[in-house]
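What follows is a single chain, given as C-alpha cells, in the form predicted on its own.
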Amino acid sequence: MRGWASSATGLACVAVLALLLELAVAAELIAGYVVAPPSAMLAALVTVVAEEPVLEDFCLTFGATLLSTLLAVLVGVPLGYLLHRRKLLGRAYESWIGALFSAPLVLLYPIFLVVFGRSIRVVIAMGFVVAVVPIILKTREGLAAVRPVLVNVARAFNASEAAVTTKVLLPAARPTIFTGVRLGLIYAMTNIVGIEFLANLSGLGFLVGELYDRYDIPGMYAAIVCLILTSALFYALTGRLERWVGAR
C-alpha cells in the first residue's frame, strides 16, 4: 500500500509541475520556442513514436547501457574486493579511483573513437569506463563496513575464506554494492547518450540531436521524455534485482 501511495504522490507532483510549466508557457513567462509546453510534448511523443525509429533507438541505448554496466559489475566487484582484502592496495589506489569518479571522462571520446571505431563498441567502452569506478568504490566501502563479529563467528565455525566471502561479506555489503551499480547505470547511460549525441551514433541520444537539428523542439523534448522513462525503467529493474538477490 505504501508503494502505491508513494508512486501516486510522485505522479501527482509531476502532474503539478507539468501544469505549472503549461501555464508559464501560455502566459509567455517562458518562451515556447525554448521550452515546449507539456501538451505539445505529448502530441509530439505520439508523432515521434509513429514516425521515428524510437524502438530501435531505445533498444540500442538500453542494450549498450545494460551491457556496459554488466561488464563493469564483472570487473568492479572483484577489484573492489581486492582493494578490501589488500589494505595496502586500497590505501594506495582509492584516491586515484576517486579522482576518476569526478573526472569528465566523456571528453576522452575522441580517443575511444580512434581505438574502437565509430561503432557500438565505442559506446559500450565509454559506458564501461564510467560505470566501473563507482562499483569499485562502493564494493570496497560495503565490504569495509561489514561488522567484524559476523566474520569472526563464521570463522569460529571453520568456514573457508570462500564461504566467508560468499555467505557473509557479499550479502552484508549487498545494499552498498547495489548503490554502486545504480550509480554506474546512471553514469553509463549519461555518457552513452552523450556519445550518441556527439558522434552521431544511433540511439536515443542521436534521436534527440536529430530532432534538435530539425528544430523540432516539441519532438526533441518528447525524445528526452523517452530517455527519462528509460532511466526510470533501469531504476525499477535494479530494485527488483536487489530484492531477488536478497531473497536467495
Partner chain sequence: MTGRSERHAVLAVRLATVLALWGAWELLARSGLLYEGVVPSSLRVAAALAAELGDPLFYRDALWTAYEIVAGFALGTLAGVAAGIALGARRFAAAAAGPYIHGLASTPKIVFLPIVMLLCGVGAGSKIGMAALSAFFPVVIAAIAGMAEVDAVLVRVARSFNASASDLVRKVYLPSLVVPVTSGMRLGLGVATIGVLLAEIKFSDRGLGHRAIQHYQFFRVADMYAVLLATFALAVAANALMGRLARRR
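Residue numbers count along the first chain shown, from 1. Since we're looking at a predicted model, the values are computed, not measured.
The form predicted together with the partner chain is left out here; the points below concern that form.
S.K.: Thinking of the partner chain in the predicted bound form, which stretch from 169-177, 112-120, 67-75, 151-159 has heavy atoms inside 4.5 Å of it?
M.R.: Result of the contact check: 112-120.
S.K.: Contact between residue 164 and the partner chain in the predicted bound form at 4.5 Å, heavy atoms?
M.R.: Contact with the partner chain, no.
S.K.: Given that the partner is absent here, does residue 47 sit within 4.5 Å of the partner chain in the predicted bound form, heavy atoms only?
M.R.: Judged by the heavy-atom cut-off of 4.5 Å, residue 47 is well away from the partner chain in the predicted bound form.
S.K.: Do residue 190 and the partner chain come within 4.5 Å of each other in the predicted bound form, heavy atoms counted?
M.R.: Yes, contact at 4.5 Å.
S.K.: How about residue 54: is it within 4.5 Å of the partner chain in the predicted bound form, going by heavy atoms?
M.R.: Contact check for residue 54: no, nothing within 4.5 Å of the partner chain in the predicted bound form.
S.K.: Is the partner chain in the predicted bound form close enough to 82, 125 and 244 that every residue in that trio has a heavy atom within 4.5 angstroms of it?
M.R.: No, none of the three is in contact.
S.K.: Since the partner is left out here, which residues of 58-94 would have a heavy atom within 4.5 Å of the partner chain in the predicted bound form?
M.R.: Heavy-atom contacts to the partner chain in the predicted bound form: 88, 89, 91, 92, 93.
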